[in-house]
Ligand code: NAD
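Consider the single chain below, provided in structure tokens and representing the form predicted alone.
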């Protein structure tokens, strides 16, 4: 069995490799060559923590395993990241544990890669302005991954606490992109692509704030009750997701489904677009929305790529188990 420590992850995998791994998983899911097992997510009644498991099997890549982890809100005070996770990979032929991989950075990378895949397949080719809603830990990962998918000319952003936008501004500068902090109304009026990455339980971005032709990647809603955008905006958009069951249960689409303005049949898998079974965007005026709920297969795909690279570079720790 191999162990790939968290400290080694940053030097092993590129954004391009993450993009390919996640894109392939979405394609495999849509082709029914891969499937996710039911998600377990619970408040454990200690340290205000949320803890759970995401797992699945991809027959195409032979990736079998799970990600175990969750959210500990007090970790920052202890010098730790609030989100903590570990990926376990198993040999699909024997069931033996193949690898244990640090999952904190991988979670951020695969989430950003999912948004990037949606932009690559759904945003207008002439998109020039990238909008980011939210400035938490995940925001800079989103910016760097998504900005590579189109020839963006500038980045605009909004956060409830504007001073926290400094990290986004720095990342944009490193990419040679002008940056501006705007109101939500201004952000929606200027942006061709909008990424929402918050932990909100109330709609932040409203339907009236988004112009025709925008692609929106909603990446923060992964729990019952969370909401980043107004249900009317979801209903107006052509909706795509990683997994439909999660989208209607814990994703951004849950609210439009609940009020009857959106039907399950209205939601398409991003994998169908990748495989050529769905046209994706059909016009320059169409609003498209990707509901990125986050699936276990994403974690397994990027973790498997990391293990192979770690073995190749000699940084994987091999143990008898």
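Numbering follows the first chain given and starts at 1. Just so we're clear, the structure is a prediction, and the values are computed from it rather than from any experiment.
The protein also exists as the form predicted together with nicotinamide-adenine-dinucleotide (NAD); that form is not presented, and the subsequent description refers to it.
Trainee: Would you kindly say which of 128, 160, 96, 224 lies with a heavy atom within 4.5 Å of nicotinamide-adenine-dinucleotide (NAD) in the predicted complex?
Mentor: After the contact test, the surviving option is 160.
Trainee: Out of 36, 28, 254, 293, which one falls within 4.5 Å of nicotinamide-adenine-dinucleotide (NAD) in the predicted complex, going by heavy atoms?
Mentor: Contact check passes for 293.
Trainee: Would all three of 134, 198 and 204 be in contact with nicotinamide-adenine-dinucleotide (NAD) in the predicted complex, where contact means some heavy atom lies within 4.5 Å?
Mentor: Yes, the whole candidate spot contacts nicotinamide-adenine-dinucleotide (NAD).
Trainee: Using a 4.5 Å heavy atom cut-off, indicate which stretch of 208-216, 233-241, 169-177, 108-116 touches nicotinamide-adenine-dinucleotide (NAD) in the predicted complex.
Mentor: Among the listed stretches, the partner-contacting one is 108-116.
Trainee: May I ask you to state whether residue 138 is within 4.5 Å of nicotinamide-adenine-dinucleotide (NAD) in the predicted complex, using heavy atom distances?
Mentor: Residue 138 belongs to the contact set for nicotinamide-adenine-dinucleotide (NAD).
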